[in-house]
Ligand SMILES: NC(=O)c1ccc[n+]([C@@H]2O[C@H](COP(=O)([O-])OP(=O)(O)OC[C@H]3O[C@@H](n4cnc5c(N)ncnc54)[C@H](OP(=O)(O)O)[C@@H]3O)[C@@H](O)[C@H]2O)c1
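Heads up, the chain below is alone and in the form predicted on its own; it's given as structure tokens.
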Amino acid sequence: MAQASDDPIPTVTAYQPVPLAMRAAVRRAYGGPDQVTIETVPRPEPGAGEVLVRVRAAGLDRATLHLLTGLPYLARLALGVRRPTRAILGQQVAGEVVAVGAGDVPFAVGARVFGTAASGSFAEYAVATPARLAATPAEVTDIDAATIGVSGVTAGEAVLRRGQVQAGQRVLVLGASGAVGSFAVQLAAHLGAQVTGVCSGAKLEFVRGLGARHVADYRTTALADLGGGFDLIVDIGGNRRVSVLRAALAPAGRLVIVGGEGGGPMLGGIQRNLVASVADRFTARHLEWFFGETTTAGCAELGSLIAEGTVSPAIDRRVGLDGVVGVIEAMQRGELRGQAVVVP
């Protein structure tokens, strides 16, 4: 029966039925992996301009550790001062839209999407805003798409835009075996750069397989031993002084610091980032830093490169929700080659 004109307009369009409860990886206090439990919790409801996604896969990115620990303390101004404001862990998401909130939403129910989730992605359902989602190409699996929203987009920003990589340039990637680094090596190699990847000794061949022409163990090789003269250094590891990084650059080289790893419990790597900003004023080299931001355009760009076969997400392992604690612990120990993906 058609709806009468004076009936209230429905605020949510959804598949039927959509469960009211779901399983999720939850933590309600800052701390380590021991704070994480798998619980049945109320399913989130999409608000105006939002969508509800049935999570098919959720990638583990390093920022999840900061969300878990609440470190550095400065981050708690955004995450919740005394306790986390968001209980469910996870950011990167891939799945299909099962409900749409009121207003103008560019994704219809049934659309495959990927990006990041506002409500937490280590769950059976997640709420997301369209500005942080893109349509999943038919050639891309949900497993692969779940690695893009943070890790892929961040690598793309570092290499393609801020790094301005060109064929024949020498590019150094510090932290080359991680979620962001594994994308960064592939992107720079695709552009024709001579890539040197620095990682632990156990992962040297893995990084070489990503396209690095040269590899080095960060424990046994000093930056000065790599020859210097790099046109671009992408620093994801966060454990080297800015002065050392600057000395390894070519006269007009670029340093791009990704995120804010390392440093003390109060400011983390932000203090080193500020040093880079100041030093940039006194050198012909370009020194900068950034925190990754998920956008539809950034997701779509990486999604297209994966669909074309230009880059391939490095998936170390897949786990269910019951394996979330284990993969977080593996990331803390530095065991992962690329990313772990949670399949709720």
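The first residue of the shown sequence is 1; numbering continues from there. Bear in mind the structure is a predicted one, so any value in this text is a computation, not a measurement.
What follows is about the form predicted in complex with the named molecule, which we do not show.
Of the candidate stretches 104-112, 159-167, 196-204, 244-252, only 196-204 has residues whose heavy atoms lie within 4.5 Å of the named molecule in the model of the complex. Taking a 4.5 Å heavy atom cutoff to the named molecule in the model of the complex, the contact residue among Ala128, Val150, Leu210, Val171 is Val150. Of the listed positions (Thr136, Thr116, Thr154, Gln186), a single one reaches within 4.5 angstroms of the named molecule by any non-hydrogen atom in the model of the complex, namely Thr154. The named molecule in the model of the complex comes within 4.5 Å of no heavy atom belonging to Gly326.
Residue contact with the named molecule in the model of the complex: Gly178 places a heavy atom within 4.5 Å of it.
Remark: Pro44 does not count among the residues lining the named molecule in the model of the complex, judged by a heavy atom distance of 4.5 Å or less. Contact between Val215 and the named molecule in the model of the complex is not found at the 4.5 Å heavy atom cutoff. Residues Tyr218, Ile236, Gly237 are the members of 214-237 with a non-hydrogen atom no more than 4.5 angstroms from the named molecule in the model of the complex.
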